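Next up, structure tokens for two forms of one chain, structure 1 and then structure 2.
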Structure 1
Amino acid sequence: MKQIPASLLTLIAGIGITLISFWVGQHHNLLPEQASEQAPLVDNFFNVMVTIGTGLFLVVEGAIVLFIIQFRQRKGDESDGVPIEGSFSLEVLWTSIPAIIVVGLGVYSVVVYEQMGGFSLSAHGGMAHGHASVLVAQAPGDAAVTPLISETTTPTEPTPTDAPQYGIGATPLEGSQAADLVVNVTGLQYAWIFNYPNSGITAGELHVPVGKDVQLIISAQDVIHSFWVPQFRLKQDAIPGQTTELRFVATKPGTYPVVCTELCGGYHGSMRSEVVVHSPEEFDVWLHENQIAQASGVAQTVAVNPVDLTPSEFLAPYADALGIQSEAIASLHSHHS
């Protein structure tokens, strides 16, 4: 039987490893769904790394398995193995290949970072920056619930220190164009606070419209936190005394988790929130409802359990609307009791 040339076997093995690596790189399903314009850029880079990693794994582990089989000790063979010491050409080969891969991935990562806006931070600082720390206990999505703990936020004129110096800014296509929506994000132990300077709304979860350019101005009040939305493939540290920026366009309506990825204290694991991506119409409704709910004067409203009210007290708002005197309601109640 004629032996197959080693070069042909190597070529077949190389083609097989390449095909397997490309298939694994495109079908690994290791990442969550994409929900921002920046997510495909990161995913493509990750897929390349998975493809290269799979190929290297098959080459290295395949060589080990092949050598174990081919150079196993034969029956009756008690001789020593062939003494092999050093191979300059082989050392150059296994040094140059990883070096080329690392340099190539480094260049690619810089290109991705630039396309995401990593080199285009806004230096204008053109956003109002509130100084008050505001804690709001509010049911998600229910604008009718009045904040239980609230302080007044007073937007002030931005100062040079408000301009973010780190983070993900506008993409090259967006250039110096202002964002459609600016949100100030404050991290503190152990919550994220979202303030909308143009509308005066403060919330415990982030609400944004789909398809709009959103700019987050991130800061921290106490220790370093890290704002991360896995579905957006975006993460940015919140640093005390230094504002950072995160700019993105959400592409899919839904609710996604906001996670702090910087160990920030004993209850770090509980520092979670949500980003709710609305359609433009739903976002306008949410904005309008919250402007009413957080308007001056309404913030002083205290939630009262209706069970604790008398019938007259419970019906008073409705009676006023209908023009009925409270004495008439009290008289009617006493008549039926």
Structure 2
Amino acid sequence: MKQIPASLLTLIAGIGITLISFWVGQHHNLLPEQASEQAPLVDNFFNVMVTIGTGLFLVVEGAIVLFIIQFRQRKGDESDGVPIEGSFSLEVLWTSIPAIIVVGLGVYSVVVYEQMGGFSLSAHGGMAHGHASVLVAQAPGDAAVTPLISETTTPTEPTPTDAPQYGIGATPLEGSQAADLVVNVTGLQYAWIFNYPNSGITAGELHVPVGKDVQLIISAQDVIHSFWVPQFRLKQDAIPGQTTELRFVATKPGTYPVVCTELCGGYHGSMRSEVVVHSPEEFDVWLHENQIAQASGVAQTVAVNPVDLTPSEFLAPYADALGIQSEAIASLHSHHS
């Protein structure tokens, strides 16, 4: 020990901790697979935080372990330690380093948030590319932002005054363009109902094409629910009385869980569904088949009151699987009509 200068030991320890931190940051394997355009952004951000966190963890915990071994009371030694009361320069150092780190993380989180689409909710119109601070107000004639909503008027979709105020909107890549596909999502105890306003399809699980810009207009029927797809890294509460939105591009075909994360009652834990990400061709097939099956059903329920299929009847098979009552579904529809 005596021959090696302390600064050299510190240097070696510093390099070692840095290497370990970087390795842990890249290899922690804690996150599920990535299936949306937002997922890599969030994961890279998390990896940076894991890297910094591992470094700080090793330094602080290492110091604690080192000190309690090195400075333990030896047998028979009843004396006191060295009366050091403080060190201004050291205190400035360990105040400023965390301050720099957290400000850096704050700035990074704003960048990530902007790239995810956090600043461009459809209610506020489009946003200039790449500038988090510039929110361009929506011109009165610019209703093209949400064309799929305003063009059609099926009873279950929100009116234009319900334009979402909260959530994740279009990413800078998508700009102020309208989404390729709009789906109305309704949370109710204890199920998610997905309604495709253009085609009148209502389903118990979400089907989306891969690589397409999807906008979910989320509302809640009874209590607060929260829509989460872990593989998309996206979550937004479904709030009674308000609409929220999530906009994403699914990047990987497959079936992923839809989880409700806001306590919504006794069977909150069973409020699970699925999002199926299809290839574009598969999606068209799915859309077509369901359109035919439901053509005389849900879409025209209110207008023609068909005798052959009420919404509750249609949803009965789902209701069994989801543990919900048909009255609940009926009330959902009556609420919107």
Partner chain sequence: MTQTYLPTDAPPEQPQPTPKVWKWYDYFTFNTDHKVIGIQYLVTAFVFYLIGGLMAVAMRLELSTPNPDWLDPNLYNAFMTNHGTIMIFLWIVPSAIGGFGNFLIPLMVGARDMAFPKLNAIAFWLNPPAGALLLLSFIFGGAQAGWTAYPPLSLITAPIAQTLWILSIVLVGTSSILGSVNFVITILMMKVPSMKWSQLPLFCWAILATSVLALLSTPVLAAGLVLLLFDINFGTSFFKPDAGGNVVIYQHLFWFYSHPAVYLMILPIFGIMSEVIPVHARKPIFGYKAIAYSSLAICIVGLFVWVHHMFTSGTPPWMRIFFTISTLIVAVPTGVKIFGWVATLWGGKIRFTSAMLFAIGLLSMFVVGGLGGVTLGTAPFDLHVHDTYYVVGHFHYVLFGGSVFGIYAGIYHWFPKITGRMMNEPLGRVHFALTFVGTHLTFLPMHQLGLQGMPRRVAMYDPQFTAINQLCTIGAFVLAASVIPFAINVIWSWISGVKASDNPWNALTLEWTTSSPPLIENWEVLPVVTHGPYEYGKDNETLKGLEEAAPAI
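Remember, it's a predicted structure, so these values are computed and weren't measured experimentally. In this text, rigid core is short for the largest set of C-alphas that superpose within 1.5 Å between two forms. Numbering runs along the sequence of structure 1, starting at 1.
The form predicted alone is represented by structure 1; structure 2 is the other form.
Once both forms are fitted on their rigid core, the CA atom of residue 30 lies less than 2 Å apart between structures 1 and 2.
Residue displacement note: residue 267 has its CA displaced by under 2 Å between structures 1 and 2 (rigid core superposed). Relative to the superposed rigid core, the position of the CA of residue 285 differs between structures 1 and 2 by less than 2 Å.
The two forms line up on their rigid core, and residue 76 then has its Cα shifted by 6.3 Å between structures 1 and 2.
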